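The data below hold one chain only, encoded as structure tokens and taken in the form predicted on its own.
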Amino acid sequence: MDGSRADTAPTFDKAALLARYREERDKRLRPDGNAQYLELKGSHLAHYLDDPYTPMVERAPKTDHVTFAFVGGGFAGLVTGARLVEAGIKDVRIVEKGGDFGGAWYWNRYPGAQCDTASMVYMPLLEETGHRPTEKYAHAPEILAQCQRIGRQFGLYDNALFHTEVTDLAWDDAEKRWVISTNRGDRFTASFIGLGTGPLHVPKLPGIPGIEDFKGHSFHTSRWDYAYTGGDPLGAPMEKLRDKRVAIIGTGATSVQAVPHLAKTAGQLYVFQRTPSSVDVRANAPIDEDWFEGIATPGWQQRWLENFTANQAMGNATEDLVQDGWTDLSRRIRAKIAALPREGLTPQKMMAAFEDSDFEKMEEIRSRVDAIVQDHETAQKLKAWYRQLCKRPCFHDAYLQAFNNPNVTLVDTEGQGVERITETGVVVGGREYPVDCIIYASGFEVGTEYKRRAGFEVAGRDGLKLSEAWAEGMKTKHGTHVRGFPNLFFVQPTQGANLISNVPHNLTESGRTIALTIKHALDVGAREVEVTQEAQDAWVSLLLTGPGRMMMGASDCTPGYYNNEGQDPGPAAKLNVGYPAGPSAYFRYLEDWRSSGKFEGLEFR
């Protein structure tokens, strides 16, 4: 069997599944929540943050003025900068702590790294740059190259500051501008500023006792050490691992992609697992040039974006252009709901249909493990016992197969994680596994406070700190504008579409909106743009009429960054939601809002 999707729906005992889900969740609950991970910045472990890819170039500090500055050189900064340039605002400066554009895709160069949402909707500005993705799920080098292509085409390299971190951001009310200070001695000003630091740029390490004692080699997956492993991001074999015993700690999305490549070359590979990922079919394939030429008519990517969102986020799409694992689950849910009798279309019945569809999908995914993994005991340990959307769904056609290699050993920790690390190895259940190298696939900080992740405080009008303004939760209009912080724009999904399956769609729409807003301000001679208190309050009130955090707060979800490591996130988290009518409706609303030219709820002074 090839492990492809089953033709018939599996049968299941719903009560037994829910009991198993709760049992597996309870094994993994920890009272320390996010505190189980180590903060690297400012600690003796800060060397894990060093840039192994690009040497730092010395330069003189900047003390000039720009029309627009953006913190973060990933997709958010690139799409916003590009839209500003298109609007005729070319005086744009992007500040980025990495050595080039790319954000997460600058850092993630581990072997096998690729997007898990289809390239056609994931990679931004494909139509504008004229790039045809080479495969349905592009690998990291191609995504990084697209980021660099955007930077070149829109002239964003000219003013960019790389290997630079903002240390302070303060509004100067007298001059009506932002003052930006950095760790490179810069102190420059900007009329407008955008923030797009994102959640995937601050690496974290697990707080395992003895982590500092290991005498072998170690690194985080976002700082892959090809000098040690051999190979390169393009996929060359890691020949230097032929005689090495390698441990990889973590089995999330990164590990799912990296393990097959390590399995090909490592003398011995130990995969340390606390919680298995759900791994569905990926079915990656090259994108045919002739087919692409046929569909790439004007406006093609926007149509694909809207179609994916309408399918995946329960919109009213009549066709599925992308046809991937994300839209598959949504198609199933819609079919279940459509089969309900009219009198059965109650919220309770619809939620039950949603739940049944998820149970069926997860049973298929667990059956796929049995079909692929030859060792029965290993297969049982690789099965994910939780709802698919409790954790980031994974899609891969070589990860499960890697455990059939004689040099690969799954070390399942029964939900407890690694016990400790010694000078020579990794200990689980009292047994030490001697290794030469430890690779930490432990991800990035997501649940920590914004100030900690950003690395700086934002001080707005009258010295109001963002941490103070958001002490009781995030409060914005559109997730973009914040009262008390004029001329500042956030680029991120929360309190907007909140479309997590394809974050770039959120960012591209935000970038287009911000560019039009700033152009309008400049056209009318306004020096300040700020949301009114009434408009912000009204938006927050509207958000609270929605269904809330849904699956992310499900009581039987296994701990992870989706649900704050299983801990109560506090009352502020109730505001970490999106537009009540859903992403597709939000994007339509936002298009009407910005194209009207009224920018309702904003003051231009």
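Remember, predicted model here, so these are calculated numbers, not experimental data. We number the residues from 1 along the sequence you see.
Beyond the structure shown, there is the form predicted together with a small molecule, which is absent from this document and is the topic of what follows.
- Among residues of the shown chain, residue 110 is one whose heavy atoms approach the small molecule to within 4.5 Å in the model of the complex.
- Using a 4.5 angstroms limit between non-hydrogen atoms, residue 391 touches the small molecule in the model of the complex.
- When contacts are judged by a 4.5 Å heavy atom cut-off, residue 512 does not count as touching the small molecule in the model of the complex.
- The small molecule is not drawn, but in the model of the complex it has no heavy atom within 4.5 Å of residue 68.
- Think of it this way: in the model of the complex, the small molecule has a heavy atom of just one of 114, 307, 191, 197 within 4.5 Å, and the residue is 114.
- Interface residue among 231, 417, 141, 455 relative to the small molecule in the model of the complex, by the heavy atom within 4.5 Å criterion: 417.
- Here the chain stands alone, but in the model of the complex its contact with the small molecule, taken as any heavy atom within 4.5 Å, falls in 434-442 among 434-442, 373-381, 158-166, 487-495.
- If you check the small molecule in the model of the complex, you find a heavy atom from every one of 105, 251 and 274 within 4.5 Å.
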